[in-house]
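Below you'll find only one chain, the form predicted on its own, shown as structure tokens.
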């Protein structure tokens, strides 16, 4: 049995709701030129949406002394963005938002970067994964769908996901090993594109993040079957005429125990000073206090864990170890690892 839970759920009890954060005074240092906000992924996905939300909130409330300029650098499964930050030693005017390719890309490709090549700033949230199908299909539960996949024979059903040998494909392999189903995995550049492909029936299912598929769900085009977490999402406001995020069962409830949570965190260039880190931590805390951010968290059904300092660094170190095991089990490690 493949159970991601034992390998990956290590966030622990360090849950600090954004709504309880008290305002933090900015450090004395402030940027003297525009801040480049790197996204190591394509447009429309969860990281892209979060970074652009932060950019908009910071501008609306004048939270930064200089504008934030968002730049997508998705080449090489995000390696382009991470290497850019790694090579910007001591530059306090560059930040990057992370997702699981922080771990999966160097493990799968051997590209020479590691999270230790950058400076940890803060965990902003943890992102969920949901198993989605097209709403016009007859599948109402994961069992309905996975039974059909098994009955259809190997590789007849297509699972769409972001990138190759990254989190979506890791989850797909885990589902295959646990259930005996066998998919053809189809990689796309970003989560937004993945959702569009499922609406168009070019793939049969996805494990998109909530924020990447919520618009299509609300429009009646997609159907969620289960969430890959140990407990249901807490958000009870109706997102459709009859369902809230909380109404989506966990995959474990429906018969297969697969769990996975993904980091949405911030890093900076190596060699920056503590005052630079403190400045951005202050900015992000203020962002989290805004109604726009709280609405974004609920709309996207995020797990609102927040961490900084050693707690954050320790979490990332544990996540790296967990991904090494997951990638090894899936057979996704580069020969150099």
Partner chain sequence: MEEIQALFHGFAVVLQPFNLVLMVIGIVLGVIIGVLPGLGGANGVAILLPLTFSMPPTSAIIMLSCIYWGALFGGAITSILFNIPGEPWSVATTFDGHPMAQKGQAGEALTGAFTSSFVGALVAVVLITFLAPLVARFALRFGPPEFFAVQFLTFCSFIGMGRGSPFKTMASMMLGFAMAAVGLDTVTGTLRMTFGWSELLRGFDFLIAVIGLFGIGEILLTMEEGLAFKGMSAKLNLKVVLQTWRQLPAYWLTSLRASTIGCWMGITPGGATPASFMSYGIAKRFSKNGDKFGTGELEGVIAPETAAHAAGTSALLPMLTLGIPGSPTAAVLLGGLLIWGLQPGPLLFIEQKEFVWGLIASMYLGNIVGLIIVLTCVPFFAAILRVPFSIIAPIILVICAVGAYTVHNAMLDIWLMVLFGVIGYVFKKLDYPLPPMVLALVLGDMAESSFRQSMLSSQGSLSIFWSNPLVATIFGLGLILLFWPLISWIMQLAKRRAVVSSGS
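Positions refer to the first chain, counted from 1. Quick caveat, the model's predicted, so the values are computed rather than measured.
Another form exists, predicted in complex with the partner chain; not displayed. Remarks below refer to it.
Not one of 160, 251 and 266 places a heavy atom within 4.5 Å of the partner chain in the predicted bound form. In the predicted bound form, the partner chain sits within 4.5 Å of a heavy atom of residue 73.
In the predicted bound form, the partner chain sits within 4.5 Å of a heavy atom of residue 187. Remark: residue 165 counts among the residues lining the partner chain in the predicted bound form, judged by a heavy atom distance of 4.5 Å or less. Residue contact check for residue 309: none of its heavy atoms lie within 4.5 Å of the partner chain in the predicted bound form. Shown alone, this chain has one stretch from 114-122, 226-234, 75-83, 138-146 that lies within 4.5 Å of the partner chain in the predicted bound form by heavy atoms: 75-83.
The single contact residue among 170, 108, 96, 261, judged by any heavy atom lying within 4.5 Å of the partner chain in the predicted bound form, is 108.
In the predicted bound form, not one residue of 253-277 has a heavy atom within 4.5 Å of the partner chain.
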